[in-house]
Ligand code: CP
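A single chain, nothing else alongside it, follows as C-alpha cells in the form predicted alone.
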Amino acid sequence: MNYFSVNDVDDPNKWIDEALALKNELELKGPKSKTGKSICLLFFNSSLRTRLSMQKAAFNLGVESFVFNVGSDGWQLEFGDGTMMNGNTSEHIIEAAGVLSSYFDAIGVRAFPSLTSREDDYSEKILSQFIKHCSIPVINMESATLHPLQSFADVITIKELFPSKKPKVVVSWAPHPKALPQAVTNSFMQWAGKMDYDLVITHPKGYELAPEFMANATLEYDQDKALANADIVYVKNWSSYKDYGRILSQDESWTITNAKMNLTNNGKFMHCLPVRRNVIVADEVLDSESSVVIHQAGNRVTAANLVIQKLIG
C-alpha cells in the first residue's frame, strides 16, 4: 500500500475518525514504545510542517525517522528509463529505490513541480518512479500535483470544527508574488469531494483547475458571492493550469480581510501555511479568533500519525 492520494484511502470518513481516535489515545497515553521500524523522509524541496510533523508522528508511534535532503546530501538521480547516463546524473532511481527499500520500512518523498512543463509535472515523474521501483510503502509528502497529507489534516480539522453539520466550505484563490503550484488546491478539492460539504471554489477567470479535481464543487467567479454564509474559508494561491505556471492576476481585491469574512456565517479562516501576511490575508483576520491555521497545522501530526500507522502497522 502507498499513500499518494485520497484514491489510496478505502474509506476517507473512517480514516478521519480513526485519526481523531489515535490523536486522543496519544494525548492520553503518550508516545508508543519503540517498534524497531524505520522510515526515510526524502526531501527534494524545503519544508517546515511536513518534515517536523512526519518526524513527530514517527516519534509518537515508536518509529525511527531518517531525514535526507536529496539536493545537498545525495547523488543527482536519474529518473528516465533506458537513459545512457553520460551526463550529470550519477545514480539511477532503480538502484536508489532498491537500496532504500532494503534499509527502511517506508519512505516519504517530497518533490515540487517545475511549473515549466505541465506534461512533465502532471505525469508525476519523480513520485511515480519511486512507487514503481520501491518495494516498501511510499508516502507522498507533496508532489507536483498533490499534497494529501495536508488535505487529510484539513478535513480532520473541519470535522473537529463541525462534527455534526454539513458545512459550506469555500476555497478561494488569493494573490501572491510568486507562481505557486496547484498541488494543495488539487488535493483539497479531491478530498473535499469525498466529504459531505457544500463545496464552492472561487477564483479569477483563467485559474481553473484540471477538471478531474473539481468533483462536485460549484465554481463562482464572484468572490463576495461565494463567501456569503460560508462556514469555512480555505484560502490558497495557485498559478494557472491552462497557461501553465503563469501568474495571470495579482488583484489585491481578492485578499481576505475582515470585510470579506463579515460576509460569512461567522466563518473560520484556513490556510496551509506558510502565508504571506497582508497579501493572501490581512493581519486583522490572521490574528483574529476566526483564524484556525495553528489548529489546522497541528493536525498535520494527526494526519501523519494515521498514515504512518496504516502503512507500517
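Note that the structure is a prediction, hence the values are computed from the model and not measured. Residue indices: 1-based, along the sequence shown.
The next section is about a form of this same protein that is not shown, the form predicted in complex with this ligand.
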query: The unique member of S47, N69, Q250, S288 whose heavy atoms fall within 4.5 Å of this ligand in the predicted complex; finding: S47
query: The single option of C272, L42, L61, V281 touching this ligand in the predicted complex, heavy atom within 4.5 Å; finding: C272
query: Interface stretch in the predicted complex with this ligand - options 220-228, 142-150, 123-131, 175-183, non-hydrogen atom within 4.5 Å; finding: 142-150
query: Distance check, H203 to this ligand in the predicted complex, heavy atom within 4.5 Å; finding: no
query: Interface residues of 104-118 toward this ligand, as seen in the predicted complex [heavy atoms, 4.5 Å]; finding: R110
